[in-house]
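Listed next as structure tokens is one chain, alone, in the form predicted on its own.
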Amino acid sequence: MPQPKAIIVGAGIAGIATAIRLAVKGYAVEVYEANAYPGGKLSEFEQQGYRFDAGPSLFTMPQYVDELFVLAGKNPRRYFNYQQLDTVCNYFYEDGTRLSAYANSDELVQELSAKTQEAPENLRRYADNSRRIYDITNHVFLERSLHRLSTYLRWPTIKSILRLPGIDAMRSMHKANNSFFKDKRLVQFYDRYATYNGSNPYKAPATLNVIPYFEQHFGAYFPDGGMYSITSSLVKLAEELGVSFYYNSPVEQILVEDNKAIGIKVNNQIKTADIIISNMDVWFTYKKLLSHLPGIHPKKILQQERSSSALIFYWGISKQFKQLDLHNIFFSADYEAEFNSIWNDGTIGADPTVYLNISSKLKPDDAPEGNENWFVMINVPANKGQDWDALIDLARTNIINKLSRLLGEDISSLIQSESVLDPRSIESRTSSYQGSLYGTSSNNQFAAFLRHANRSSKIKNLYFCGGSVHPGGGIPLCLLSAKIVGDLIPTTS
């Protein structure tokens, strides 16, 4: 009996993880990638002696990476290593407040309570609420398909459904956080977690208050070799398992016959397979790869509000700043105005919150001696035809002024090299519709149930993984989408 074959469209992190899972299940796996490199958003580049991780910079829940090596019978530590952070992030407020988010929960409570005068019991009560949401949702809604009847017939699912009021879905994150804390700085501190999946805390359900639990319970980490080592180590594992990667190979079409996916068209050639998995944004999967079958397009899903995008400046800085760490946040003075600019006006406010990642803090060879590599990011709206050149120029000025003011140093004079990534280039490089980082937003209480399923209901043998489908974006969730797809596809006999 011939070995069954699977084709994966896109070598993003979910596509690579799915390839590993299917290779372990006995499939011959081929991955076709439009770019000259794997990883999708999780890539890297160098400029003038500085190395940058181009995309995701926060690493949580490393167990989902380790699981892939264990699944393949390998020792993860022979491929991939990382260190846990003692301080997850430093926060800078316009009023001069500086907070350090320590990984140790007792130290975190002590720090936040001392700096904001919030009662420690309120902080512990909030942490308990975050854990409760995780307990209700994790093994049912995050690790299993929401689009299979069997998911809802399991006793753990029934128990979770009975506890659904505990996930706090009927009010916004901001309203919930405002009820927990009197200090507005702490409300802003916890509102920020909505941006972890490109959403608006003033609209997104308080269910997303589960995100602090991921970070504070499971910890935050830095991979040896930088974030891109996640990609490179998984590609190495996949290749050892026999997976074939084809770069510079943009897929033109998914071939369907008798309502069954039978292959792809790539480089003017036909490649057939028993299983097709798209790791491309679901919008482009339908609008490009399945454009010849408009009758099967899920119109409501494709019309959903997209997540926010990002504007990133990659700066080589000719100085080291002792007050900065790997992860740093410089908050806007008016958080609600910032989100109104993004979500209501489709633009960038004058005072955006700035995220600053400096991998050379833990990997010194990412920058020349005495210098630092700054990954400077702000949240921006998805691309809908705005004048991005004008917006970028203005945002650059506002960011430099903000950082210079809060750090007490003229940043503009320290910038030795610069590259820019904006929603247009995010879309063109990663096939993310409108440059949205996480597919659709989570700005309503039913968002988790409205994401596209991991398996097509209209085309047999067609599956979907990655940040634009269930369970969502971010490295851990992309890896979970691969896990769900792996569970849906049967082991070869």
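All of these numbers come straight from a predicted model, not from anything done at the bench. A residue's number is simply how far along the shown sequence it sits, counting from 1.
This next part talks about the form predicted in complex with a small molecule, which is not shown.
| query | Exactly one of Gln445, Ser456, Asn35, Ser441 has a non-hydrogen atom within 4.5 Å of the small molecule in the predicted bound form; which residue is it? | reply | Result of the distance check: Asn35.
| task | Find the only residue in Pro298, Gly346, Pro368, Pro250 having a heavy atom within 4.5 Å of the small molecule in the predicted bound form. | result | Spelling it out, the residue with a heavy atom inside the cut-off is Pro250.
| task | Identify whether the small molecule in the predicted bound form is within 4.5 Å of every residue in the set Ala206, Ser341 and Pro381, based on non-hydrogen atoms. | result | Negative, none of the three is within 4.5 Å.
| request: Answer yes if any heavy atom of Arg51 is within 4.5 Å of a heavy atom of the small molecule in the predicted bound form; otherwise answer no. | output: Arg51: no contact with the small molecule in the predicted bound form.
| Given that the partner is absent here, does Leu58 sit within 4.5 Å of the small molecule in the predicted bound form, heavy atoms only? | Looking in the predicted bound form, residue contacts with the small molecule include Leu58, since a heavy atom lies within 4.5 Å.
| field | Contact test in the predicted bound form: Arg424 vs the small molecule, heavy atoms, 4.5 Å | value | Result no; Arg424 lies far from the small molecule in the predicted bound form.
| request: Report whether the minimum heavy atom distance between Ile312 and the small molecule in the predicted bound form is within 4.5 Å. | output: Result yes; Ile312 sits at the interface with the small molecule in the predicted bound form.
| Of these, 128 to 136, 71 to 79, 276 to 284, 396 to 404, which stretch puts a heavy atom within 4.5 angstroms of the small molecule in the predicted bound form? | Only one stretch passes the 4.5 Å heavy-atom test: 276 to 284.
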